[in-house]
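The chain below stands alone and is given as structure tokens, in the form predicted on its own.
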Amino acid sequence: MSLNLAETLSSIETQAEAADWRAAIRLAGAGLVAGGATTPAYTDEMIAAIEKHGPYIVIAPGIALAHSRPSPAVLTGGLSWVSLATPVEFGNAANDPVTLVIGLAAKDHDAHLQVMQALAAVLSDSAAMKRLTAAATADEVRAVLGDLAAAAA
């Protein structure tokens, strides 16, 4: 049975405003903190990882998967969803600008892989991505993800 992302998301923000990539990561991090998945230190760890390794988190056109290594700042596994009203450049020539930032916190490598597998299924579904891109509310995002989980069950 695959992971239901609609149930895993601890926070969803649509049409958010971010001045730059750091602000976009901070929004995703704030969602993880609000959902009880991480402490604020994890947001700083995500930003530090990008500063050290570059914009590797921009995994597909318009999509950034904000994350860092499992650490004491991760309290439990969680996901946050931030769709941006105005696209933001991360410095990834192939996949910029970014309109969706997904924050990922995982306690261990296995949990990280399980979430990545579920996300890959969603991101590779062009019809679902059109619906998710058009979603104007958190309820709409959850409905699309719930439909996908039900179809996969």
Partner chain sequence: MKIVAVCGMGIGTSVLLKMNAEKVLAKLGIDADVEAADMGVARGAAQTAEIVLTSEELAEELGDVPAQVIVIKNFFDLEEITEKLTAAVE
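Numbering follows the first chain given and starts at 1. These numbers come from a predicted model, not from an experiment.
Keep in mind that the form predicted in complex with the partner chain is missing from the display, and what follows is about it.
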Legend entry - Proximity of residue 68 to the partner chain in the model of the complex, heavy atoms at 4.5 Å: yes
Inset, instruction - Find out whether any non-hydrogen atom of residue 98 is located within 4.5 angstroms of the partner chain in the model of the complex, and reply yes or no. - result: no
Legend entry - Partner proximity in the model of the complex: residue 30 to the partner chain, non-hydrogen atom cutoff 4.5 Å: no
Legend entry - Contact flag, residue 34 vs the partner chain in the model of the complex, heavy atom cut 4.5 Å: no
Legend entry - Whether 87, 131 and 143 all lie within 4.5 angstroms of the partner chain in the model of the complex by heavy atom: no
Inset, instruction - Counting only non-hydrogen atoms and a 4.5 Å cut-off, give the residues of 113-138 close to the partner chain in the model of the complex. - result: 113, 116, 117, 120, 123, 124
